[in-house]
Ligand code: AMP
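Next up: just one chain, as structure tokens, the form predicted on its own.
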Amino acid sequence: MLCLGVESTAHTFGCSIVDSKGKVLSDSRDVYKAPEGSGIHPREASRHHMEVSSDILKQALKSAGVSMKDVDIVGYSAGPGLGPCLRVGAVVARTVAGFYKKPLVPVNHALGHVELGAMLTGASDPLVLLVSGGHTMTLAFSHGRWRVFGETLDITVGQLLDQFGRSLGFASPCGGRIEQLASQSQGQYLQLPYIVKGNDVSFSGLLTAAAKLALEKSHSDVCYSLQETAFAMLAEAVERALSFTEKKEMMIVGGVAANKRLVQMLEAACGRQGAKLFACPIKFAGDNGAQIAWTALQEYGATKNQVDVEESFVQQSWRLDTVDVSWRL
């Protein structure tokens, strides 16, 4: 069985073809580039998605060596995300599903990160850290759903990096530029707010303090200190969750999973708790159509659930812990 997955929650428009064995036959995507010093403007990002959608869809089919007639189901990211961007992906998915009479499956974007990561890494029952521009949460599977064990109380770690990067004049996404600058520091740590409340974290005070420091201190030292502080907060929350749940697997997914320093800190935390770390491959850490296609395949294979084109939806705020996951025991 083949699935076309359409992703459009934020800055990325992507299409992928994935088969029911988990083989990613194609992964085509294009990322909206914001002006320097700016974030993602939903209207501009959605306009970008409209302009590239046809070409990206054609590329995905061509790379996989298939046509829409060969595709069995169509999955699309129904949320959470930016409304105008979500609607573009939904329109594309509705159009091809309706024209070719294929089952249409709405997918929770966050669940897509988790399920694709588990498939690619082989993790079976992990504690999950989902870190991206839209999410910062620790998850464990229980009684048919991914349960939130801890999360951010304000902004996500991805937003922290992006907003700080924009204060330096970078364009979103900024994580890669900040990681590069941090690597140029000689390890000069600058004191910053460290806020962990139980299993939850708070980054807004850290952002404010780092932006002020950047006006007078070396940008490389501030980036280094920002990373060390934010990632230590996450590692502490993860280690506490590992100790409490006694999980022997820990998996990190989402765009910030590409950061090597964060992975190093989590490896140390897992080592102290006797757990094995699984990190989503960098190629699939960010938003992509494969996460949507694989999750749609799992959902449809287990339940045969689909929606009529007329009843299909997008939901800007769609929490992962409200989604039933019937294919996991």
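Note that the structure is a prediction, hence the values are computed from the model and not measured. All residue numbers are counted from 1 along the displayed sequence.
The same protein has a further form, the form predicted in complex with the named molecule, not shown here; the description that follows concerns it.
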message: Given that the named molecule is not shown alongside this chain, does G122 nevertheless sit within 4.5 Å of it in the predicted bound form, heavy atom to heavy atom?
response: no
query: How about D162: is it within 4.5 Å of the named molecule in the predicted bound form, going by heavy atoms?
result: yes
query: Using 4.5 Å between non-hydrogen atoms, is V256 touching the named molecule in the predicted bound form?
result: yes
- prompt: Would S132 count as a contact of the named molecule in the predicted bound form, using a 4.5 angstroms cut-off between non-hydrogen atoms?
  reply: yes
statement: in the predicted bound form, the residue from L207, L139, C174, V238 with a non-hydrogen atom within 4.5 Å of the named molecule is C174
message: So if I measure heavy atom distances to the named molecule in the predicted bound form, which of the stretches 190-198, 240-248, 69-77, 176-184 falls within 4.5 Å?
response: 176-184
message: Quick one: G112, R145 and E299 and the named molecule in the predicted bound form, is every residue within 4.5 Å by at least one heavy atom?
response: no
task: Scan 281-315 and note down the residues that get a heavy atom within 4.5 Å of the named molecule in the predicted bound form; none is a fine answer too.
output: A285, G286, D287
